[in-house]
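Encoded as structure tokens, the following chain is the form predicted on its own, with no partner shown.
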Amino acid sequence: MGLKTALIQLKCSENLPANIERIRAEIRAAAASGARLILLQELHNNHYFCQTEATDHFDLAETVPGPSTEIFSALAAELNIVLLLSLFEKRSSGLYHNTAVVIDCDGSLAGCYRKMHIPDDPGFHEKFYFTAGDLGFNPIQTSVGKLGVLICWDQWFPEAARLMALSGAEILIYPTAIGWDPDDRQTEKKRQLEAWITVQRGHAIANSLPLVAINRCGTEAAADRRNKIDFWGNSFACGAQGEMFVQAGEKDETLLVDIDLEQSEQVRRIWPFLRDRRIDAYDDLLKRFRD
């Protein structure tokens, strides 16, 4: 019997109360379908404000614990589910993080992860808003298992997935906000999407762990209305050998999937990657570059 998991992929608006009500409804529907672990996309409460640099956007941040954890903790306890949130955390005045929060089925705060790799690319000005995480790569223990939670840009770094695996994560989870520049050619869009899926399936295989990625979808305009991003959706779940279980399209969709957390044990018996790592020869990984 697997862990029934829901991946909620949605288009976000600039109306925070409406976003939250819609998310709550989708969570209730997923729980009614038997999901015990329910996962939300990156920064789900708001539109993707990082397309521009504007100090007014810091007003969107909240404390942890705070308003969102209060709302969703009550819902998790009511529905007896484990719930992953992704919030713009205000840690202190002038100190903000991109933070994932895991709520256990009794409504308690199981743990947090602060995004470690912070991008600064056209349309993704996250370094303006977020301080790099300082909680390390530590899985979060919950009633349904040990969750290796990472966030979006972390998806491209094999070190992050490896360190979660070395710390005993039973599943890798990536809430995400990634999309295309609308002006990109279709061939470029296809390359980017395939690279995103492939690198994550590689993390699953290299660490013999199931993996889920929950992306937002829909077109979101920047605050200045001069630019926009087509978030590509395509949320997916794969197994410990990279096998695809489910994959969404580019529109609103909730995926339900049974994930066997015991599969890793069987895969690691035939592919003992952790046994054969040459930790005596990896010192240069601590260098920025080998000149």
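Numbers follow the displayed sequence, beginning with 1. Computed from a prediction, not measured in an experiment: that's the story for all the values here.
Heads up, the form predicted together with another copy of the chain isn't pictured, but that's what we're talking about next.
*Asks:* Identify which of D224, E53, E265, E243 has a heavy atom within 4.5 Å of another copy of the chain in the model of the complex; exactly one of them does.
*Replies:* Contact residue from the list: E243.
*Asks:* I'd like to check something about K127: if you look in the model of the complex, is any of its heavy atoms closer than or equal to 4.5 Å to a heavy atom of another copy of the chain?
*Replies:* Residue-level check for K127: yes, a contact with another copy of the chain.
*Asks:* Might A77 be said to contact another copy of the chain in the model of the complex, defining contact as any heavy atom within 4.5 Å?
*Replies:* The answer is no: A77 has no heavy atom within 4.5 Å of another copy of the chain.
*Asks:* At 4.5 Å between heavy atoms, is E188 in contact with another copy of the chain in the model of the complex?
*Replies:* Yes.
*Asks:* Answer for I118 alone: is it within 4.5 Å of another copy of the chain in the model of the complex, judged on heavy atom distances?
*Replies:* Close contact exists here: in the model of the complex, I118 approaches another copy of the chain to within 4.5 Å, heavy atoms only.
*Asks:* Only one of these stretches, 161-169, 68-76, 103-111, 83-91, has heavy atoms within 4.5 Å of another copy of the chain in the model of the complex; which one is it?
*Replies:* Looking at the partner contacts, the answer comes out as 161-169.
*Asks:* With another copy of the chain taken in the model of the complex, which residues across 128-144 come within 4.5 angstroms through any non-hydrogen atom?
*Replies:* Residues within 4.5 Å: A132, G133, F137, N138.
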